[in-house]
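A lone chain, given as C-alpha cells: the form predicted alone.
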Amino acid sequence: MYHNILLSILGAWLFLAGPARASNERVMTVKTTVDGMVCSFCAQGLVTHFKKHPAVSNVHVDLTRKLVILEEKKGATIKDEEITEFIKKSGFEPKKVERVTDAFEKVKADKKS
C-alpha cells in the first residue's frame, strides 16, 4: 500500500515538473511597438543598449513596422518596465509590449505587425 502511494506521488511530480521546467527554459520573443523612430540612427542606439542587457540575446529594430524585437536568453527575462523605461529615456514612445513564443527570426521576417 505504502509503495503504491509513493509511486503515485512520484508519477504526479514527474508529470507536473516536466512542462513547468520546459516553460521556464523557453526562449521568448518580445515585440514592442514604438512611436517616433524614423531613421537607422534612432534604431542603432536602442540596438546597442539592448544588446548589452544580460537577458537579451538578439535585437532587431524594424522602422517600417515601428517595432523593437528582442530575443530573451534561455531562462532569462527582461522586465517590461526596463524596456519601456529605456525607450522613453531615448526619446521615443513605447506603445505595447507583447511576449510571443514565435522564434525571433520568424517575428523579424513577419511583415505584419
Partner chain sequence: MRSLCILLLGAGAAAAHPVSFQEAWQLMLGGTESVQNFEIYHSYTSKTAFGFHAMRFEDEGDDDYYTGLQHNWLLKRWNLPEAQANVYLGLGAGMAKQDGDSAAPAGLGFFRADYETRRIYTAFESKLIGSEDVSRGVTSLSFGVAPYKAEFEQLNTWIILQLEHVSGMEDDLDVIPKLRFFKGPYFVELGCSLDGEPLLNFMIHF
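Residue numbers count along the first chain shown, from 1. Since the model is a prediction, treat every value here as computed from it, not as a measurement.
One more form of this protein, predicted together with its partner chain, exists but is not displayed; see below.
Taking the partner from elsewhere, residue 72 is found to have every heavy atom lying beyond 4.5 Å of its partner chain in the model of the complex.
Residue contact check for residue 104: none of its heavy atoms lie within 4.5 Å of its partner chain in the model of the complex. Mapping the unseen interface onto this chain, residue 80 falls outside it, with no heavy atom inside 4.5 Å of its partner chain in the model of the complex. When its partner chain is considered in the model of the complex, residue 44 lines it closely, a heavy atom lying within 4.5 Å. In sequence order, 62, 63, 64, 66, 88, 89, 90, 91, 92 are the residues of 62 to 92 having a heavy atom within 4.5 Å of its partner chain in the model of the complex; the partner itself is omitted from this view.
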